[in-house]
Structures are given as C-alpha cells and as structure tokens.
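Below you'll find only one chain, the form predicted on its own, shown as structure tokens.
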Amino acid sequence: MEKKKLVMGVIGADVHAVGNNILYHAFTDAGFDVVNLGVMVSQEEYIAAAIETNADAIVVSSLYGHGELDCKGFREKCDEAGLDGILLYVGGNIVVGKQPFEDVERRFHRMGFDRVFGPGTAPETTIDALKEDLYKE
C-alpha cells in the first residue's frame, strides 16, 4: 500500500514545538510520509507544501489559543489553490478560554475542517482517524 502524505505544522504565531515533534514521530512511525513545516506556519505555506508534495492531508496544530483566528478561510484558500476536498485536520488548544468542545468542533467543521481534536488528544486517536479517512476503499 502506498504511503499517504501528510503536511503538518503549527499555525500562526505559535512557537510550541514539542507537541509538533511528538506528532511528527508518531505519524512517521505509523507509516505516513510526513512533511513537517515546524512552527509559525502560514496558511499559504501549508498550501504550497501540500501542492508541491501532492499531499493527501493537512494537519494543523495550535497551542496558544488563537487557532480559530489563524484557521479562518483556510478551506477556501485550499479550494482556490486546487486542493479541493483535501483532508483538513486541526487540533490542540485551538480556542481562547474554556469552551465546550462540541461548540468548538462545530465551528471548525463549519470552517471546513474534516476532523477537530481537543487539547491532550493522544496521537493514536489522530492516527486512527487518518487511517480511517485516507484508506477508505
């Protein structure tokens, strides 16, 4: 089976690298071909990397709470760039303050994200979801 390609990184002005490195190793160990853009990644950088590598999914993480702002319009930019329907994941501490996760998840789904993961989600949970979504036959 061909390895699926993921583009991942930490969006916006966020510099939290530890979780990003943990996810990179977990995704790689799980058999994905991973392009890790690191921290402080713009929407445009994710999109350029996804186009360049012919990625199957973009995995966005954020820990500083401003993910919602940083992710606005992301699906539309992907579509405009020719990445129609690319799998979009987001996770981490993606909103400011304590908010019910169901509300946060709903807002990100409305923004075009396929899956939304809250703070402290185990890498295995995301890996299982990626396998489910990418290897559908």
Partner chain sequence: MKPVLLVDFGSTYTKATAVDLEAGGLLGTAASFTTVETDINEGLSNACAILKEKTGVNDYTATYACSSAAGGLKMAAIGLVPELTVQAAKEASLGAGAKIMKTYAFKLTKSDVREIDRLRPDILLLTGGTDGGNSETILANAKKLTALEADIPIVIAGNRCCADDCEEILEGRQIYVCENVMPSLGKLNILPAQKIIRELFLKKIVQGKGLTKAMELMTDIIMPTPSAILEAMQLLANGTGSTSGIGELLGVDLGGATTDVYSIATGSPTNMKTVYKGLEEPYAKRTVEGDIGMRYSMRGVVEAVGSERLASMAGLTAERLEEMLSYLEAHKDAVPRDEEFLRLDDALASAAVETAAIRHAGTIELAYTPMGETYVQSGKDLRNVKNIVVTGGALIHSKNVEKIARYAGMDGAHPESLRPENAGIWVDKKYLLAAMGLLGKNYPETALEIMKREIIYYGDQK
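Positions refer to the first chain, counted from 1. Because the structure is a prediction, the values reported are computed rather than measured.
Only in words, not in the display: the form predicted in complex with the partner chain, which the text now covers.
Residues 13, 48 and 52 are all found to lie within 4.5 Å of the partner chain in the predicted complex, as judged by heavy atom distances. Here the chain stands by itself, but in the predicted complex one stretch of 37-45, 86-94, 102-110, 71-79, 37-45, has heavy atoms within 4.5 Å of the partner chain.
The partner chain in the predicted complex is not approached by residue 131, whose heavy atoms all lie more than 4.5 angstroms from it. For the partner-free chain shown, nothing in 98-119 comes within 4.5 angstroms of the partner chain in the predicted complex, judged by any non-hydrogen atom.
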